[in-house]
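Here are two versions of the same chain, shown separately as structure tokens and labelled structure 1 and structure 2.
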Structure 1
């Protein structure tokens, strides 16, 4: 599960903002009928098979409304769960259980959806040495949650954002004048702990990138035969990332070429949610 530090510093403000999006003054329905504290509990149930992810975030939503809420987990992030399975019991002020339900589930369902989808794609890569990468194509203000879900689902994280990784694309190369010049400028400017990645489209660019000592070369939109030639040119002198089209056939063909990484935006921008719900709320 996510460490406390990241929760406090990065997630809490976003979770609170999400709660304020859902409750701009008060939960009118709940306050209409429940004027006072009443202890209750409710069960978190899977309504689909998949990989659960985000249980700490789910818990945090309720704790931010009332720190006395207790969540007892019967599953942990990364577990395969199946329809009907009980994953947790949430116990606390019934009004808090009702007011926090939607926000807690919105996070949990999305994170579990990303983990589930990532897990399916990652399975396609089993038996190869290729690792699955995410991208920056995440939902605005949800990156910290979605990148974590990718990892839980068996994927790896590419750079977190524009500040902590260098990826020189055609426009950067154009501005610099050449691949070589771009890599040099980045090595001179960027903190030296950054690896330099270059996106290339032709074999000439591949050659240039290798000569410029790029740490990572991304082969963009290349045909299979061109990838093979590129791999021969690179010959282990840089890590290699291939982007897009993570289909069974495609991967079958890539397996033997020695590609290190394959990246997919769909992991975070187009995975459907995993259906989960809170059931059987009752006073205790």
Structure 2
């Protein structure tokens, strides 16, 4: 999913769209002070501690503006970085360095923020066999970047999109009429290679999901004691995912329940950026 070819196919159109958003006709500020080509360089500096992620995307922004731009990295995705650390030197047409700066940093800061927050949450699950999952609660048109960042931070990806797996949520169940009917219809329609996951909110729904032979049962927004009861009902007959307002502040309380997965939308929708900056631009 995240090999170089796949990333290039996915990210180039998205990065170009972001650049077009920032430069509709010209970069007036840059063109005011730089009328002609001049070779220069600028340094990528960490302004806080964290996990860096998105360096290839950062580089690609400048390459799409001018393929002759050179980026020399002193760090790689997944590295822990600290305040003041130099992560890269970007060298090329000063006009390109100025025009690409904000878009390149927006991607890098966002992805590094997701990786940093995910790493903190994943550490809270150390010592257990629970897999930390993300969700589809991602920034529109940035899913490939944010889900990659989750993996760099030590998390795992849930389904990538609606074509990637069967997850019957409350409104699917409402549309079908019941948990049992929704699972039956999914088993009839979906390819046999797809696991059927169903979201449940009550113990009665848990029982119905077990009887319908769902492959994965998602316990949504349940209290700790209710999850424990649900685990007794399921009794190993399905994999179990816990979801619903899971954050860094409360995830550790779920470690002792014996579930297989914990998913957290906060990994992508609530992680703060990691502060990074391009500094000391100068001609060479």
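No experiment lies behind these values; they were computed from the predicted model shown. Residue numbers count along the first chain shown, from 1. Between two forms, the rigid core is defined as the largest C-alpha subset superposing within 1.5 Å.
Form selected (criterion: the form predicted alone): Only structure 2 matches the form predicted alone.
Per-residue C-alpha change between structures 1 and 2, residue 46, threshold 2 Å, rigid core fit: Result for residue 46: no, shift under 2 Å.
Threshold 2 Å Cα movement between structures 1 and 2 for residue 77, core superposed: No, because once the rigid core is superposed, the C-alpha of residue 77 moves less than 2 Å between structures 1 and 2.
Exceeds or equals 2 Å, Cα of residue 115 between structures 1 and 2, core fit: No, its C-alpha moves less than 2 Å.
Shift in Å of the residue 182 Cα between structures 1 and 2 [rigid core superposition]: That residue's C-alpha is offset by 2.4 Å.
C-alpha positional change at residue 248 between structures 1 and 2 - rigid core reference, Å: Between its two positions, the C-alpha of residue 248 lies 7.0 Å apart after core fitting.
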